[in-house]
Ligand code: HEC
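In structure tokens, the next block holds one chain alone, the form predicted alone.
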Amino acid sequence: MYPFQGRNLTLAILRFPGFTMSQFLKRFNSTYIRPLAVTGLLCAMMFGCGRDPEFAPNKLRIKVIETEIGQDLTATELGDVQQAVEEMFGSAEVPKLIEGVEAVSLDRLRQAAGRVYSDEQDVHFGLYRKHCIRCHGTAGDGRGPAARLLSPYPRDFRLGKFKFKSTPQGSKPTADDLARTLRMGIPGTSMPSFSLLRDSEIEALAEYVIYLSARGETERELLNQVSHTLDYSRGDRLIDFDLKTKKPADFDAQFDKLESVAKSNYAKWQVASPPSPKLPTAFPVGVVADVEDSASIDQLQKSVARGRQLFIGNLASCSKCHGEDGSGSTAPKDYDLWTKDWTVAANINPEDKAAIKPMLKAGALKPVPMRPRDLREGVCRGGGSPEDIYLRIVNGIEGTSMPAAALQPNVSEGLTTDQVWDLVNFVLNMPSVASEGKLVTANAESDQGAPQ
């Protein structure tokens, strides 16, 4: 570690008596000074020079819309959207909350937003800027200064889609789901665990993510309105802020319509926590190596064997993507929802370098194909507990090619819950099964699974 980094380098130069800037420049090429200067430069590039970050317009979404309609959005159209969003949501420094919204609290938003500091009661503020902004960006767009260096890229909250949750696809995660991700991190990615933070700080960050998501979805909807619904060439306006003083009643009527969009996006987050998965009674769930009772070992091994047959058979069809060996090497090439949102949805081939170039200039990150999890490694990004793996199978993974499993009795040919637990046992024991070379090809009885 170098003793001086970033702005401290400048302070060090100024504090040392007789150490002038000319002397510093003469010594710049020394093995000691050069790394310090480079570090300071990188810090300045990544984190700015003391300026407060601000919410920027969703330039990528704007570019997608302009591609769809074949013309640029006007300054008036874009201005109306940005002014309306700011009026409803405030700024990155001072967030606002629409009256009647219950999904988040303004006190928690204020603790998470703005500058980093602590008060006399040791309450910490600016939590998002301190812990999240470098990867997820000011607006939660997943395009912070470190984003393009990471694999996978940080999540873009503005689409309102989240992978790892307890709720079915198409539903928002619960606030507890977000808090759990913050506490646990996401193994195998650059998302760390924030388990050392206080519960109140975790809750504030989770609600700020909800706020950024609702803000992002609202901005997208208003952009769609000015581009596809309203006709500005004929005098239509999303909202006319001049009416705020000239005709307050007319302004309120316009603003109420926009607030209803934002309220609707907040309301989607008021989801009840579903019941936790119930473990089977017919056999244990877990890793064989962790079990000592011989009878339980026998039951568990039989469950693992049934799970393996389901995995490589036609009923669960897991091997179509994950491969019979669990490596994930057989899946067809595909991209996640966050990439498809600005490529496939705009009739752009993610592999067409010329077509994606304007999108990259608008802030998109280079498309990277998805790859199913290599289950042999034993690293599950959504959590490695039996309940976590059960939920990934039953609910699928939002925004990816991982579908929700078809279950009985909703689907007559679907899986039973015991069969899902058999799959869970196989996945839990996959690392040891793979290392021992026990994976075999399915036979005619591969779809029998657990007893009914």
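Fair warning: this is a prediction, and the values are worked out from it, not measured in the lab. When you see a residue number, it is the position in the sequence shown, counting from 1.
Just so you know, the form predicted in complex with this ligand exists too; it's not on screen, but the next bit is about it.
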The stretch from 82-90, 127-135, 67-75, 274-282 that lies within 4.5 Å of this ligand in the predicted complex, judged by heavy atoms, is 127-135
Even though this ligand is not shown here, does Gly414 get within 4.5 Å of it in the predicted complex, heavy atoms only?
-> no
Taking any heavy atom pair closer than or equal to 4.5 Å as contact, tell me whether Gly363 reaches this ligand in the predicted complex. no
Note to self: in the predicted complex, is there a heavy atom of this ligand that lies within 4.5 Å of any heavy atom of Cys318, even though the partner is absent here?
What the structure shows: yes
Worksheet item: Should Pro168 be counted as a contact of this ligand in the predicted complex, where contact means heavy atoms within 4.5 Å?
Response: no
Give a yes or no on whether every one of Pro154, Phe162 and Leu205 sits within 4.5 angstroms of this ligand in the predicted complex by heavy atom.
yes
Answer key: of Leu109, Ala262, Leu375, Met359, within 4.5 Å of this ligand in the predicted complex (heavy atoms) is Leu375
Exactly one of Ser329, Gln301, Thr189, Ser200 comes within 4.5 Å of this ligand in the predicted complex through a heavy atom, and that residue is Thr189
When this ligand is considered in the predicted complex, the residues of 170-184 having a heavy atom within 4.5 Å of it are Leu178, Thr181, Leu182
